[in-house]
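Next up: a single chain in structure tokens, the form predicted on its own.
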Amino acid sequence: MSLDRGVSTKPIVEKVAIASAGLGGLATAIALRKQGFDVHVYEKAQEFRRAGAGLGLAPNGLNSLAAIEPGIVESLKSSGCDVRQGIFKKMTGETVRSNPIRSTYLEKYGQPLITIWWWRLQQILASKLPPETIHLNHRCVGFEQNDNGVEIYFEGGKKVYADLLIGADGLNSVIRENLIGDGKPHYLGSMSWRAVIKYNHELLKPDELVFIKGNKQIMRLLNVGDGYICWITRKLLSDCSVSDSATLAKSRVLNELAGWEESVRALVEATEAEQILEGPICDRPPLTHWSKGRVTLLGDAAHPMAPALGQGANTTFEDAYELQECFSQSSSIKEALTTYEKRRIERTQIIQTRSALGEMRYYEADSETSSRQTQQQSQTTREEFQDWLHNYKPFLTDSNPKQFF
């Protein structure tokens, strides 16, 4: 436990409150409990339900999780898919190319790429915490703080008191709005539809990831374990409104897939309308600070980013690891949170910016992409950026990140 280096031996933090039992909130709770803190997670949902889509756990995220909870990577492999190769296709079904993923990742970064269902990962993380530390049906509506602590308010008049409040409550963070007050998220210009379904799909082998490119539209197919696959499609659209019903959302995505290979449309047809998640792709401008007093932000609440690079969850796990390290090495809350921001903000700003650019490049015609790449030959190559991104390892600091702006 981190102790004050002055006369007192009182811990700099005793009780920690975390808003949201999403992936970042749970990972942070695991990490901070190992520092000896009394950590409680407050989740707005009334129960844990099968939710979310598939996601990719990259080497930087896996390294962070392994540092927080040794042995967890093997559990994730058995619960998800250890991806062997990526297949790139046209919307009409023809294969453009295939790239080795597992051998490349292991050789270069020492970890694989694992695709897994968000809900299943949430359950794995929750299982590492005592049940009494997770409080469901606690929708945070605000907080007040002073030099001695933070009072957190929940819907229905409930409130709790803590030494530290961590806002891990996502893109539409209540904690961020109260702390920073920077308004609504920024629409990036593309709409998303996604779902997880148990389905034997002819286009997707058990250890593959498929990427399909259409006209201003993309689709990903991910194995997420136990016979389930996740389909995600995104399209460049000026209209960011969502459908009035699940049935209309399904009709809309099927209409957007007109002209696509029939087995892809059959996959969407086989998906129950209520399982389809529809929404705009958004981010927020990078912040220069994430903390005030005894309150800080983490994950999508701090640095929401487009999904193009698949780094939302991975950078969140980096945050969780670094935050607990800062508290283990600091003599005050102010010192810990200042160090946390110094370690995290510049790196996440770079990844946020690159993610937004990557999202738009998905929708360029091949000739546009080729022209852009020619113009950027003198800049840092994609491979160098990928190496910097995935080679993140706990206990080490990033070297010369400014080269990637």
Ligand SMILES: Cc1cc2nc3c(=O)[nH]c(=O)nc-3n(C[C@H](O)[C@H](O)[C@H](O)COP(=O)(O)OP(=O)(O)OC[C@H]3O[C@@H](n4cnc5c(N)ncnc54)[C@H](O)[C@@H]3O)c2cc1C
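Just so you know, these numbers come straight off a predicted model, no measurement behind them. The numbering used is simple: start at 1 and walk along the sequence shown.
Keep in mind the form predicted together with this ligand is missing from the figure; the text below concerns it.
Undergrad: Which residue among Ala313, Leu188, Leu221, Val150 has a heavy atom within 4.5 angstroms of this ligand in the predicted bound form?
TA: Selected option: Ala313.
Undergrad: Consider the chain as shown here, without its partner, and state which of Arg194, Arg284, Arg120, Lys235 has a heavy atom within 4.5 Å of this ligand in the predicted bound form.
TA: Contact with this ligand in the predicted bound form is made by Arg194 alone.
Undergrad: Are all three of Gly86, Gly214 and Glu261 close to this ligand in the predicted bound form, meaning a heavy atom of each within 4.5 Å?
TA: None of them does, since no heavy atom lies within 4.5 Å of the partner.
Undergrad: Which of these stretches, 31 to 39, 66 to 74, 53 to 61, 349 to 357, has heavy atoms within 4.5 Å of this ligand in the predicted bound form?
TA: It is 53 to 61 that comes within 4.5 Å of the partner.
Undergrad: I'd like to know whether Gly170 contacts this ligand in the predicted bound form, with contact meaning heavy atoms within 4.5 angstroms.
TA: So Gly170 counts as contacting this ligand.
Undergrad: Any of the heavy atoms of Arg294 lying within 4.5 Å of this ligand in the predicted bound form?
TA: The answer is no: Arg294 has no heavy atom within 4.5 Å of this ligand.
Undergrad: Do Asp300 and this ligand come within 4.5 Å of each other in the predicted bound form, heavy atoms counted?
TA: The answer is yes: Asp300 has a heavy atom within 4.5 Å of this ligand.
Undergrad: Wondering, does Glu43 line up within 4.5 Å of this ligand in the predicted bound form on heavy atoms?
TA: Residue-level check for Glu43: yes, a contact with this ligand.
Undergrad: If you look in the predicted bound form, which residues in 17 to 51 sit within 4.5 Å of this ligand (heavy atoms)?
TA: Read in sequence order, the residues that approach this ligand (within 4.5 Å, in the predicted bound form) are Ser20, Ala21, Gly22, Leu23, Gly24, Gly25, Tyr42, Glu43, Lys44.
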